[in-house]
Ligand SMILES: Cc1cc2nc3c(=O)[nH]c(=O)nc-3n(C[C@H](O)[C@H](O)[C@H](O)COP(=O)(O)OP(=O)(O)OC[C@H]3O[C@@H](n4cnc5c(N)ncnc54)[C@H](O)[C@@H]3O)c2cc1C
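Take a look at this single chain, the form predicted on its own, given in structure tokens.
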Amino acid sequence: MTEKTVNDEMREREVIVVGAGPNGLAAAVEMARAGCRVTILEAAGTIGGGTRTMELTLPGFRHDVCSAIHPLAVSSPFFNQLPLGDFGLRWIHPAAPLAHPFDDGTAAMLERDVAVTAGTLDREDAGAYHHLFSPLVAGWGELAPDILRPVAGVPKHPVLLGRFGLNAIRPAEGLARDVFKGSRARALFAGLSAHSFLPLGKPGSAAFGLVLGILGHAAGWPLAAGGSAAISRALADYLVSLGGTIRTGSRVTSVNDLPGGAVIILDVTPQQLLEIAGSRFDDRYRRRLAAYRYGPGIFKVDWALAGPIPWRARECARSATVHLGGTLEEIASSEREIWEGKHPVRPFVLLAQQSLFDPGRAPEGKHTGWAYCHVPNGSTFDMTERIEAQVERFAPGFRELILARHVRNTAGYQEYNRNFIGGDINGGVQDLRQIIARPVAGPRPYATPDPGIFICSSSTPPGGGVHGMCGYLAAHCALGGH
């Protein structure tokens, strides 16, 4: 069947996308680009999912509710083919993508230049860092399409992917110890890898450290001017320009309530898929969805601040993103404890200071702070004091700047977005097993046993992050691709 024939047939069918997060919007955009009649139904009163910006603390302080820094978005093969700049999306690149401070008042810096980054590490690790990252950074343009797709697909650049994969499948802790001799490089890589939500001794955790490190050099870790809501707003405005429709305040509880004959694409995780569409599936597929595993959740704090965070390592002010966790050993211990059901006294904290680079986020002279740590799935433990202690550890005097704070635990995040099961913002565990079988094993992970129903959330390849690739690939599956 030719693409023209597929598109001609699809134009005769209504396409309904459930959920207006980045992946739902991406699916809708791609279907509209193919000439389909598309409607998005969003349960909340506003679009955005994990890309919303709100005044959470005080008037005039604009906080990113979930995602804040966007290396995957700025490098997304899908986003980069869209004219989102024409719809108001503008990226702000800090001088350095990432800072990782230490107790001695210095910091390792992930700079855009590999050699400059190596210069902030222990001298003995400069060559090893260059050897690990330079070839992958140089080949990112070819590597990205192979990584940001289902594992079962045939790679276009098998040699480059193989070089990446041999290290990516390793535990981050083991790779860091084998490749680097000094504590600074090990700690930097540990912080990058901790974005996986996995114990750093688990196979596959190194993949996240590699990808985020590569992105820091190849694309940067930017923020969206005005807030992360600018991403979803640009996608939505582009969709409307293509003739698409978005209806907010429209919760879907069953696909059986939707128009018959419509192609349905659901930006939901397996748990919601079972609730909404389970009656349309066979027993085997329902059992496979029910076996899908969710991972740790997050506890997040947003601050309205009287001034910039007073980092002991002044170079931290060059980056919008700061990793707070000290050494490899400390970060590895923290992430391991979470999987044991514990709450680390010194959690690994991911912090963003967007207002340093985007002054419109706060009133003149004031600033915002954004931070979260990982916690066991479903945790209700208040991590505020422990998160703030970690900030104070590397920025003495921080607490004196706090004007107001807003906190949200795992239950609060699931209430905010039903896809965040137990506070899991990644749409499920992303270990080796569940990267291959996401949400179930098979050559068409976006398809379901019902030929008119598809899934496009971060519970499908390539997984969590704001990149739109789950929606884009799901749309192509619905259009007759793989």
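Keep in mind that what you see is a predicted model, and the values were worked out from it rather than measured. For every residue, the number given is its place in the sequence shown, counted from 1.
The form predicted in complex with the ligand exists for this protein as well; it is not shown, and the discussion that follows is about that form.
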item	value
Contact residue in the predicted bound form, chosen from W370, Y129, F79, F394 - any heavy atom within 4.5 Å of the ligand	W370
Among the candidates L56, A32, A44, I435, the residue which, in the predicted bound form, approaches the ligand to within 4.5 Å (heavy atoms)	A44
is_contact(T39, the ligand) in the predicted bound form, heavy atom dist at most 4.5 Å	no
The ligand contact in the predicted bound form: S134, any heavy atom under 4.5 Å	no
I276, heavy atom within 4.5 angstroms of the ligand in the predicted bound form	yes
Residue contact check: R284 to the ligand in the predicted bound form, 4.5 Å heavy atom	no
In the predicted bound form, segment of 82-90, 112-120, 382-390, 295-303 with a heavy atom within 4.5 Å of the ligand	295-303
In the predicted bound form, residues of 55-70 near the ligand [heavy atom within 4.5 Å]	V65, C66, S67, A68, I69, H70
